[in-house]
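There is one chain below, alone, in structure tokens, taken in the form predicted on its own.
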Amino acid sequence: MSIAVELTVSLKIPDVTALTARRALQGPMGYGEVLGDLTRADWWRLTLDVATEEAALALGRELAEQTNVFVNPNKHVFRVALHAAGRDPRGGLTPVSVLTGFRDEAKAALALDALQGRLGYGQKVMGVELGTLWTFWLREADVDRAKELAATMTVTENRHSGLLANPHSMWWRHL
């Protein structure tokens, strides 16, 4: 049976890329009143050929812990789940998760080749997808309005709108 698990990988130390993006959005781009925080993680969807959801979670953890494909234990923390987990609000802030990625991303195909080939997982790993998971922590109680704001901050349309996804070379979606 084909079961997908999501592996999110983030840094143990402060993420300067997310901090820089947050400062740009809060400062020159004018979202300081609404954007409380911005976090980032690598997001992997692993399609696995296993019998149960428990087996899928176990294999996902094994792939994260026993291979060098996804996680460097010296600098990363990770989480394996069947789907992206909702985040607890931070001090009244509304979390909105956005997934971005490059079209024709080669890194996911290389990871799949390594897992199926040299690492010996064969057909247990049927597919690998890669993206970047951005979580906006917004001062907006209306979830629909919060999603609109996150989309505006994500997709680059001009120098005052969007920072995280160039629509010419990248895709994005709410998670």
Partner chain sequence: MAQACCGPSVAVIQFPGGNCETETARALAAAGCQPEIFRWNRRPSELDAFEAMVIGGGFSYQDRVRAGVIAAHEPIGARLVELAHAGKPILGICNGAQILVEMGLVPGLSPDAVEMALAPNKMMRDGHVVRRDYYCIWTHLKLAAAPERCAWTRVFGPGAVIAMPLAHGEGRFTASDPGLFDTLAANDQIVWQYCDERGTVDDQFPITPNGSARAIAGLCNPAGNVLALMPHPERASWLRQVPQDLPGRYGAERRAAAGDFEALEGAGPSRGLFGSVVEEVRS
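Positions refer to the first chain, counted from 1. Values in this document were obtained by computation on a predicted structure and should not be read as measured data.
Another form, the form predicted in complex with its partner chain, is not on view; read the next lines as being about it.
Under a 4.5 angstroms non-hydrogen atom cutoff, its partner chain in the predicted complex lacks residue 78 among its neighbouring residues. Within this chain, residue 163 lines the site of its partner chain in the predicted complex, having a heavy atom no more than 4.5 Å away. Contact annotation for residue 21: at least one heavy atom lies within 4.5 Å of its partner chain in the predicted complex. A residue is said to contact a partner when one of its heavy atoms sits within 4.5 Å of a partner heavy atom; residue 106 meets this definition for its partner chain in the predicted complex.
The single residue of 117-152 lying near its partner chain in the predicted complex is 134, the criterion being any heavy atom within 4.5 Å.
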